[in-house]
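Next come C-alpha cells for two forms of one protein chain, structure 1 first, structure 2 second.
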Structure 1
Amino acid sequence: MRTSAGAAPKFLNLLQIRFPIGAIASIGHRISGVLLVLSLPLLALALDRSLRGEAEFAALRDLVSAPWRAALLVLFVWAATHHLLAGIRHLLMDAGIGSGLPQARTSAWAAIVAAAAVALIAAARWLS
C-alpha cells in the first residue's frame, strides 16, 4: 500500500485533457473577471474625467486614437461582454433554467460566440 504522499505521480497536464465547451466558457468567465477587476480603477478614473467638463468628456472618446489603447479597449469589451453573458447564463442555471446538459452546452457556445463577435465588431471599428 502506497502511503508516502508526494512519491506518487499525478496526471494533470491540462493541455492533454479535452475540455467540454462548458469548461471553456467557465475559464473565460474567470479570465474576463480578472480583467474587469484590473480595469475597475481605470473605470473610476474615466468616470471622474467625464464629469470634469466638456473637453475632458470629449477626450474620453479620443482614447481609441492610439492603437495600443484601442486594443486594450477591445479586450475590455470582450471581457465585459463575456462576463455579462456567461454570468446571466450562470444565474439562470442556478435557478434551474437551462441547466440540463444539452441546453447548457448551447448556452456556453452562445456566450462564447456572441462575446467574440462583439469584440470583433469593436476591433473592426477601432483598430482599422
Structure 2
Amino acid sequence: MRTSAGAAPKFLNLLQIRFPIGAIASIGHRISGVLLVLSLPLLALALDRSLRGEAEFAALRDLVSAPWRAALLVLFVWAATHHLLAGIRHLLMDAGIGSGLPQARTSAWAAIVAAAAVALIAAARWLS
C-alpha cells in the first residue's frame, strides 16, 4: 500500500507541543516513579549504613553534604512528593472524585506546585 507524498510522516518537535496541565502531571508521575525505582537500592544502602552506628551516620551525613549530592537528594524528595500527590490525584479521579475538567486541572496544578514547594523547602534546608 502506497502513501501519497502529502501524507508523509512529519517530524514532531516535542518541545513545541503545548501539553495540557493534566498531561504534565501524568508525565511527571511516570518520571518520578522511574526515579524512585532507580534510587531505591542507593537509599536502602544509605539506610543500612546510617543504622550501623553514630560514626557511620556522621560519615554518611558528610558524604551527602556536598552540594551536588544534596541537590540529588532534593530531586529524590521532589520525586517522592510528586509521585505521592499525583498518585492520590489519579486514585481519586479513578473513583470519580474531581474527574471534571476544571477540578482535574486544579488538582494537577496543586500536585505540581505542592511537590515543587516541598522540594524547595528541602533545598533551602540542605543547600544552606
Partner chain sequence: MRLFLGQRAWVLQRLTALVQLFLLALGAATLLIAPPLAYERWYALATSTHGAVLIVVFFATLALHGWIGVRDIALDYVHPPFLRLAVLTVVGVILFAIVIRVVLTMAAHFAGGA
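Worth saying up front: this structure is predicted, and the values here are computed from it rather than measured. For residue numbers, the reference is structure 1: its sequence is counted from 1. The term rigid core refers to the most C-alpha atoms you can superpose between the two forms while keeping them within 1.5 Å.
Number of the structure representing the form predicted on its own: It is structure 2; that copy is the form predicted on its own.
Yes/no, L51 Cα shift of 2 Å or more between structures 1 and 2 with rigid core fixed: It does shift by 2 Å or more.
Using a superposition on the rigid core, decide whether the Cα position of V113 changes by 2 angstroms or more between structures 1 and 2. No, the C-alpha moves less than 2 Å.
Using the rigid core as the reference frame, would you say L12 shifts its C-alpha by 2 Å or more between structures 1 and 2? L12 C-alpha, core-superposed: shift of 2 Å or more.
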